[in-house]
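The form predicted alone is given below as one chain in C-alpha coordinates.
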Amino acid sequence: MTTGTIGRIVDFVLSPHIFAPLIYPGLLAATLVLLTLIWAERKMTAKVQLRYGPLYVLKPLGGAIQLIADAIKFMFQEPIMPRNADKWVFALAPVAMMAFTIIPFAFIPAAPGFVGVDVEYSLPLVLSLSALIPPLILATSWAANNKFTLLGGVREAFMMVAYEVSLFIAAFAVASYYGTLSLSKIVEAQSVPGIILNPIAAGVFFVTMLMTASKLPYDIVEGEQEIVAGPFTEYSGILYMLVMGASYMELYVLSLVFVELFLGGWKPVIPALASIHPAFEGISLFIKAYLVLLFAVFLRSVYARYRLDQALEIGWKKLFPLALLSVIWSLALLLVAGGA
(Lines give C-alpha, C1' and ligand atoms only; values in the text may rest on other atoms or scores of the structure.)
Protein backbone atom coordinates (compact mmCIF):
# COMPACT_ATOMS: atom_id res chain seq x y z
CA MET A 1 0.00 0.00 0.00
CA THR A 2 1.52 3.31 -1.07
CA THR A 3 2.00 6.34 1.17
CA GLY A 4 -0.53 8.25 -0.93
CA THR A 5 -3.17 5.57 -0.39
CA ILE A 6 -2.54 5.57 3.36
CA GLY A 7 -2.84 9.35 3.38
CA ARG A 8 -6.17 9.20 1.56
CA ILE A 9 -7.48 6.60 4.02
CA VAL A 10 -6.39 8.74 6.98
CA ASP A 11 -7.99 11.83 5.44
CA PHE A 12 -11.19 9.88 4.83
CA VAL A 13 -11.35 8.61 8.42
CA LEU A 14 -10.58 12.07 9.83
CA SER A 15 -13.18 13.78 7.65
CA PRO A 16 -16.07 15.06 9.82
CA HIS A 17 -18.79 12.99 8.11
CA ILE A 18 -16.92 9.78 9.09
CA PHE A 19 -15.06 10.83 12.25
CA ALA A 20 -18.08 12.42 13.98
CA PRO A 21 -20.55 9.50 13.88
CA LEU A 22 -18.00 6.66 14.20
CA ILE A 23 -15.29 8.02 16.50
CA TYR A 24 -16.10 11.26 18.35
CA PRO A 25 -18.64 12.13 19.62
CA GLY A 26 -19.92 8.95 17.99
CA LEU A 27 -19.66 5.21 18.38
CA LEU A 28 -16.10 4.82 19.72
CA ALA A 29 -16.50 7.57 22.34
CA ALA A 30 -19.98 6.25 23.21
CA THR A 31 -18.57 2.76 23.77
CA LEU A 32 -15.94 4.18 26.11
CA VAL A 33 -18.66 6.10 27.94
CA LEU A 34 -20.82 2.98 28.16
CA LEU A 35 -18.04 0.84 29.65
CA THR A 36 -16.88 3.38 32.22
CA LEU A 37 -20.26 4.90 33.10
CA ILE A 38 -21.95 1.65 34.12
CA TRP A 39 -18.89 0.75 36.20
CA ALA A 40 -18.98 4.20 37.87
CA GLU A 41 -22.74 3.86 38.45
CA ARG A 42 -22.25 0.53 40.21
CA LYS A 43 -19.36 1.81 42.30
CA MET A 44 -21.16 4.99 43.39
CA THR A 45 -24.32 3.09 44.26
CA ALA A 46 -22.32 0.54 46.23
CA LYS A 47 -20.51 3.28 48.19
CA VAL A 48 -23.69 5.15 49.05
CA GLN A 49 -25.61 1.99 49.99
CA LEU A 50 -22.67 0.47 51.92
CA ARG A 51 -22.22 -2.67 49.84
CA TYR A 52 -19.73 -4.15 47.39
CA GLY A 53 -19.71 -2.99 43.80
CA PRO A 54 -17.56 -4.35 40.93
CA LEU A 55 -14.28 -5.50 42.44
CA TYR A 56 -12.71 -8.74 41.29
CA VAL A 57 -12.21 -8.15 37.55
CA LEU A 58 -8.94 -6.19 37.61
CA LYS A 59 -9.01 -5.87 41.38
CA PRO A 60 -6.13 -3.32 41.67
CA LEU A 61 -8.34 -0.82 39.78
CA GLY A 62 -11.56 -1.69 41.56
CA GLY A 63 -13.02 -3.97 38.91
CA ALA A 64 -12.67 -1.32 36.19
CA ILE A 65 -13.03 -3.79 33.31
CA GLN A 66 -16.06 -5.58 34.74
CA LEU A 67 -18.17 -4.32 31.84
CA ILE A 68 -15.77 -5.86 29.31
CA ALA A 69 -16.20 -9.19 31.07
CA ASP A 70 -20.00 -8.71 31.01
CA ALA A 71 -19.90 -7.88 27.30
CA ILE A 72 -17.88 -11.03 26.52
CA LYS A 73 -20.37 -13.08 28.55
CA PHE A 74 -23.35 -11.66 26.63
CA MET A 75 -21.66 -12.14 23.27
CA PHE A 76 -21.11 -15.85 23.89
CA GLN A 77 -24.51 -16.53 25.43
CA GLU A 78 -27.12 -18.18 23.25
CA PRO A 79 -29.80 -15.65 22.24
CA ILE A 80 -32.94 -17.62 23.04
CA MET A 81 -36.02 -16.71 21.03
CA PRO A 82 -39.48 -17.58 22.38
CA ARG A 83 -41.33 -20.16 20.31
CA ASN A 84 -44.38 -17.95 19.70
CA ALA A 85 -42.50 -14.69 19.17
CA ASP A 86 -42.63 -12.66 15.99
CA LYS A 87 -39.07 -13.63 15.16
CA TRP A 88 -38.17 -10.91 12.65
CA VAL A 89 -39.41 -8.07 14.86
CA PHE A 90 -37.97 -9.71 17.98
CA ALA A 91 -34.48 -9.91 16.43
CA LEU A 92 -34.39 -6.67 14.45
CA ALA A 93 -35.96 -4.25 16.96
CA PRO A 94 -32.88 -4.21 19.29
CA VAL A 95 -30.61 -3.63 16.29
CA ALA A 96 -32.81 -0.75 15.15
CA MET A 97 -32.81 0.70 18.69
CA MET A 98 -29.03 0.77 18.74
CA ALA A 99 -28.90 2.21 15.22
CA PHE A 100 -31.20 5.11 16.12
CA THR A 101 -28.99 5.96 19.09
CA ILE A 102 -25.91 6.11 16.82
CA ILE A 103 -27.31 8.10 13.88
CA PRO A 104 -27.83 11.34 15.91
CA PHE A 105 -24.06 11.60 16.46
CA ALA A 106 -23.73 12.65 12.83
CA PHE A 107 -25.70 15.84 13.57
CA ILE A 108 -24.18 16.82 16.95
CA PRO A 109 -21.30 19.32 16.55
CA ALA A 110 -18.20 18.42 18.56
CA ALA A 111 -16.25 21.63 17.88
CA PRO A 112 -16.57 24.78 15.73
CA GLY A 113 -17.23 23.62 12.17
CA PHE A 114 -16.73 19.96 13.11
CA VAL A 115 -19.98 18.08 12.59
CA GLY A 116 -20.70 15.04 10.48
CA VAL A 117 -23.72 16.52 8.69
CA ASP A 118 -24.27 20.23 9.27
CA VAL A 119 -27.95 21.02 8.84
CA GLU A 120 -29.98 24.04 9.89
CA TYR A 121 -32.46 21.91 11.84
CA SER A 122 -30.05 19.69 13.77
CA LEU A 123 -31.81 20.16 17.14
CA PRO A 124 -35.26 18.79 16.12
CA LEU A 125 -33.56 16.16 13.96
CA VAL A 126 -31.54 14.75 16.87
CA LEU A 127 -34.54 14.81 19.20
CA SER A 128 -36.78 13.22 16.56
CA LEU A 129 -34.34 10.37 15.98
CA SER A 130 -34.18 9.77 19.74
CA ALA A 131 -37.99 9.78 19.84
CA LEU A 132 -38.00 6.71 17.57
CA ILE A 133 -36.65 4.54 20.42
CA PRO A 134 -39.91 4.26 22.45
CA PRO A 135 -41.94 2.86 19.51
CA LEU A 136 -39.21 0.25 19.06
CA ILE A 137 -39.49 -0.63 22.75
CA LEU A 138 -43.20 -1.16 22.16
CA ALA A 139 -42.30 -3.39 19.22
CA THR A 140 -40.02 -5.56 21.40
CA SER A 141 -42.76 -5.96 23.99
CA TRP A 142 -45.32 -6.99 21.37
CA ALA A 143 -42.96 -9.27 19.43
CA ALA A 144 -42.13 -11.44 22.47
CA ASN A 145 -45.79 -12.53 22.76
CA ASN A 146 -45.60 -12.43 26.56
CA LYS A 147 -48.09 -10.70 28.85
CA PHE A 148 -45.32 -9.38 31.12
CA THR A 149 -43.37 -7.84 28.24
CA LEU A 150 -46.59 -6.32 26.93
CA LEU A 151 -47.24 -4.80 30.35
CA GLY A 152 -43.79 -3.19 30.19
CA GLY A 153 -44.58 -1.88 26.70
CA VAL A 154 -47.83 -0.32 27.92
CA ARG A 155 -45.87 1.42 30.67
CA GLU A 156 -43.50 2.78 28.05
CA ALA A 157 -46.47 4.10 26.04
CA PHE A 158 -47.82 5.93 29.09
CA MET A 159 -44.39 7.36 29.93
CA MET A 160 -43.64 8.37 26.35
CA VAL A 161 -46.61 10.72 26.07
CA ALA A 162 -45.77 12.18 29.48
CA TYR A 163 -42.19 13.20 28.73
CA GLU A 164 -41.73 13.66 24.98
CA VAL A 165 -43.88 16.80 24.76
CA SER A 166 -42.11 18.51 27.65
CA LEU A 167 -38.68 17.52 26.33
CA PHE A 168 -39.33 19.10 22.93
CA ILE A 169 -40.93 22.24 24.42
CA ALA A 170 -37.98 22.82 26.78
CA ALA A 171 -35.51 22.43 23.91
CA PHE A 172 -37.46 24.78 21.65
CA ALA A 173 -37.73 27.33 24.47
CA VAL A 174 -33.95 27.69 24.24
CA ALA A 175 -33.99 27.65 20.44
CA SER A 176 -36.61 30.42 20.36
CA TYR A 177 -34.37 32.66 22.46
CA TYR A 178 -31.40 32.22 20.12
CA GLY A 179 -33.57 32.30 17.00
CA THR A 180 -32.18 29.13 15.45
CA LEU A 181 -32.72 25.37 15.45
CA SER A 182 -29.07 24.65 14.67
CA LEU A 183 -27.06 23.22 17.57
CA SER A 184 -23.87 24.80 16.20
CA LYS A 185 -25.41 28.27 16.07
CA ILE A 186 -26.95 27.87 19.53
CA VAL A 187 -23.52 27.07 21.00
CA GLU A 188 -21.86 29.95 19.15
CA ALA A 189 -24.54 32.37 20.39
CA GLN A 190 -24.05 31.45 24.07
CA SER A 191 -22.03 34.19 25.71
CA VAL A 192 -23.85 33.22 28.93
CA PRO A 193 -24.66 29.51 29.47
CA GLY A 194 -28.27 28.65 28.72
CA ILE A 195 -28.74 27.14 32.18
CA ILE A 196 -28.33 30.64 33.64
CA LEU A 197 -30.56 32.34 31.08
CA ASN A 198 -33.34 29.76 31.30
CA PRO A 199 -32.93 27.47 34.35
CA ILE A 200 -36.56 26.33 34.03
CA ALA A 201 -35.94 24.83 30.58
CA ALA A 202 -32.69 23.25 31.82
CA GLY A 203 -34.45 21.58 34.76
CA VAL A 204 -37.30 20.28 32.60
CA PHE A 205 -34.92 18.99 29.92
CA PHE A 206 -32.75 17.18 32.46
CA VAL A 207 -35.66 15.43 34.18
CA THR A 208 -37.31 14.43 30.91
CA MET A 209 -33.90 13.23 29.73
CA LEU A 210 -33.89 10.78 32.65
CA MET A 211 -37.42 9.72 31.75
CA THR A 212 -36.47 9.21 28.11
CA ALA A 213 -33.52 6.98 28.99
CA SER A 214 -35.49 5.13 31.72
CA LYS A 215 -33.05 6.03 34.49
CA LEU A 216 -33.90 6.05 38.17
CA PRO A 217 -36.16 7.26 39.60
CA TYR A 218 -37.98 6.82 36.27
CA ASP A 219 -36.92 3.30 35.23
CA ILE A 220 -40.54 2.26 35.53
CA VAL A 221 -40.62 0.46 32.20
CA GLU A 222 -38.28 -2.28 33.46
CA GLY A 223 -39.76 -2.45 37.00
CA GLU A 224 -37.66 -5.46 38.06
CA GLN A 225 -39.68 -6.25 41.18
CA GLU A 226 -42.98 -6.52 39.30
CA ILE A 227 -42.23 -7.57 35.72
CA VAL A 228 -38.60 -8.77 35.75
CA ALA A 229 -37.22 -6.58 32.94
CA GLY A 230 -40.30 -5.13 31.30
CA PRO A 231 -40.33 -5.27 27.48
CA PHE A 232 -36.93 -6.98 27.52
CA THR A 233 -37.83 -9.93 29.78
CA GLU A 234 -37.47 -12.52 26.99
CA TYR A 235 -34.16 -11.17 25.66
CA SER A 236 -30.81 -12.85 26.25
CA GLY A 237 -27.28 -12.82 24.90
CA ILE A 238 -26.19 -10.10 22.52
CA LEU A 239 -29.79 -8.96 21.90
CA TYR A 240 -30.16 -8.19 25.61
CA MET A 241 -26.84 -6.31 25.53
CA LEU A 242 -28.16 -4.19 22.65
CA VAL A 243 -31.44 -3.21 24.34
CA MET A 244 -29.73 -2.41 27.64
CA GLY A 245 -26.88 -0.53 25.97
CA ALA A 246 -29.30 1.52 23.86
CA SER A 247 -30.70 3.31 26.94
CA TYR A 248 -27.22 4.42 28.01
CA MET A 249 -26.36 5.47 24.48
CA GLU A 250 -29.56 7.51 24.35
CA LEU A 251 -28.65 9.11 27.68
CA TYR A 252 -25.24 10.03 26.22
CA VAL A 253 -26.85 11.59 23.14
CA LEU A 254 -29.24 13.67 25.24
CA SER A 255 -26.42 14.68 27.60
CA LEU A 256 -24.49 16.07 24.62
CA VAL A 257 -27.61 18.00 23.56
CA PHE A 258 -28.06 19.25 27.15
CA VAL A 259 -24.47 20.51 27.20
CA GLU A 260 -24.88 22.30 23.88
CA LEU A 261 -28.17 23.92 24.89
CA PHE A 262 -27.39 24.85 28.49
CA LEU A 263 -23.66 24.54 29.28
CA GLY A 264 -21.97 26.34 26.40
CA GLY A 265 -21.26 23.25 24.32
CA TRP A 266 -17.62 22.90 23.35
CA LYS A 267 -16.59 26.24 24.86
CA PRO A 268 -14.11 25.55 27.70
CA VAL A 269 -14.95 26.80 31.18
CA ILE A 270 -11.58 28.60 31.02
CA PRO A 271 -11.80 30.44 27.64
CA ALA A 272 -8.01 30.81 27.40
CA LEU A 273 -7.69 27.05 26.83
CA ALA A 274 -9.34 27.37 23.42
CA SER A 275 -6.56 29.69 22.28
CA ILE A 276 -3.90 27.19 23.35
CA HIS A 277 -5.12 24.35 21.15
CA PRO A 278 -8.42 23.67 19.32
CA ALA A 279 -8.50 20.14 20.81
CA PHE A 280 -9.50 21.64 24.16
CA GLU A 281 -12.89 22.51 22.66
CA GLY A 282 -13.72 18.92 21.76
CA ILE A 283 -12.37 17.69 25.10
CA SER A 284 -14.45 20.29 26.92
CA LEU A 285 -17.67 19.02 25.32
CA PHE A 286 -16.85 15.43 26.32
CA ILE A 287 -15.95 16.32 29.92
CA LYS A 288 -19.12 18.37 30.43
CA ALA A 289 -21.28 15.60 28.97
CA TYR A 290 -19.56 12.97 31.10
CA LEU A 291 -20.11 14.99 34.29
CA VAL A 292 -23.80 15.33 33.39
CA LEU A 293 -23.92 11.55 32.86
CA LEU A 294 -22.26 10.87 36.21
CA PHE A 295 -24.79 13.05 37.99
CA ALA A 296 -27.65 11.34 36.14
CA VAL A 297 -26.57 7.83 37.15
CA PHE A 298 -25.69 8.96 40.70
CA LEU A 299 -29.40 9.59 41.28
CA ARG A 300 -29.82 5.81 41.27
CA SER A 301 -28.05 5.78 44.65
CA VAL A 302 -30.34 8.23 46.44
CA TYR A 303 -33.80 7.89 44.84
CA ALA A 304 -36.31 5.07 44.89
CA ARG A 305 -38.30 4.27 41.77
CA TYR A 306 -41.53 6.21 41.33
CA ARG A 307 -44.79 4.42 40.73
CA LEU A 308 -46.24 4.82 37.26
CA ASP A 309 -49.03 7.12 38.46
CA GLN A 310 -46.51 9.30 40.32
CA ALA A 311 -44.29 9.63 37.24
CA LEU A 312 -47.26 10.48 35.03
CA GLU A 313 -48.40 13.11 37.53
CA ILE A 314 -44.94 14.65 37.51
CA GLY A 315 -44.88 14.60 33.72
CA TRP A 316 -48.26 16.19 33.10
CA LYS A 317 -48.94 18.30 36.20
CA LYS A 318 -45.45 19.63 36.86
CA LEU A 319 -43.07 19.25 33.92
CA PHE A 320 -45.54 20.20 31.20
CA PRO A 321 -46.60 23.51 32.85
CA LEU A 322 -42.94 24.26 33.63
CA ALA A 323 -42.01 23.59 29.99
CA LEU A 324 -44.66 26.10 28.87
CA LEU A 325 -43.35 28.53 31.48
CA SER A 326 -39.84 28.15 30.06
CA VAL A 327 -41.16 29.31 26.67
CA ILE A 328 -42.77 32.35 28.28
CA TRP A 329 -39.49 33.01 30.11
CA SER A 330 -37.53 32.95 26.83
CA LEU A 331 -40.02 35.29 25.18
CA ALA A 332 -39.77 37.65 28.17
CA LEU A 333 -35.98 37.65 27.86
CA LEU A 334 -36.29 38.50 24.18
CA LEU A 335 -38.65 41.40 24.98
CA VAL A 336 -36.27 42.72 27.62
CA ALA A 337 -33.29 42.40 25.27
CA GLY A 338 -35.25 44.12 22.48
CA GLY A 339 -36.31 46.94 24.79
CA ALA A 340 -32.75 47.43 25.95
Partner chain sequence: MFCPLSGLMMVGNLEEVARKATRWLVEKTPVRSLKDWAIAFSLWPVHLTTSCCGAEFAAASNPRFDAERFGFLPFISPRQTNLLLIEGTLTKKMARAAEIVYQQMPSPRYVVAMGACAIDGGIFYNSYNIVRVHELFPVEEFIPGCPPRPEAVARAIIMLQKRIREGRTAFKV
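Keep in mind it's a predicted model, so treat the numbers as computed, not measured. Positions refer to the first chain, counted from 1. Throughout, rigid core stands for the largest set of C-alpha atoms superposing within 1.5 Å between the two forms.
Just so you know, the form predicted in complex with the partner chain exists too; it's not on screen, but the next bit is about it.
Candidate site formed by 55, 78 and 240: every one of these residues places a non-hydrogen atom within 4.5 angstroms of the partner chain in the model of the complex.
None of 287, 28, 69, 294 but one reaches within 4.5 angstroms of the partner chain in the model of the complex through a heavy atom, and that residue is 69. Between the partner chain and the residues 234, 156, 164, 118, the one pair within 4.5 Å by heavy atoms in the model of the complex involves 234.
Stretch-level contact analysis of 255-263, 70-78, 200-208, 132-140 against the partner chain in the model of the complex, using heavy atoms and a 4.5 Å limit, identifies 70-78.
In the model of the complex, none of the heavy atoms of residue 36 sits within 4.5 Å of a heavy atom of the partner chain.
None of the heavy atoms of residue 32 is located within 4.5 Å of the partner chain in the model of the complex.
Residue contact with the partner chain in the model of the complex: residue 61 places no heavy atom within 4.5 Å of it. Remark: with the core as the superposition reference, the CA shift of residue 304 between the shown form and the other one stays below 2 Å. Comparing the forms between the shown form and the other one, the C-alpha position of residue 52 differs by 2 angstroms or more, with the core used for superposition.
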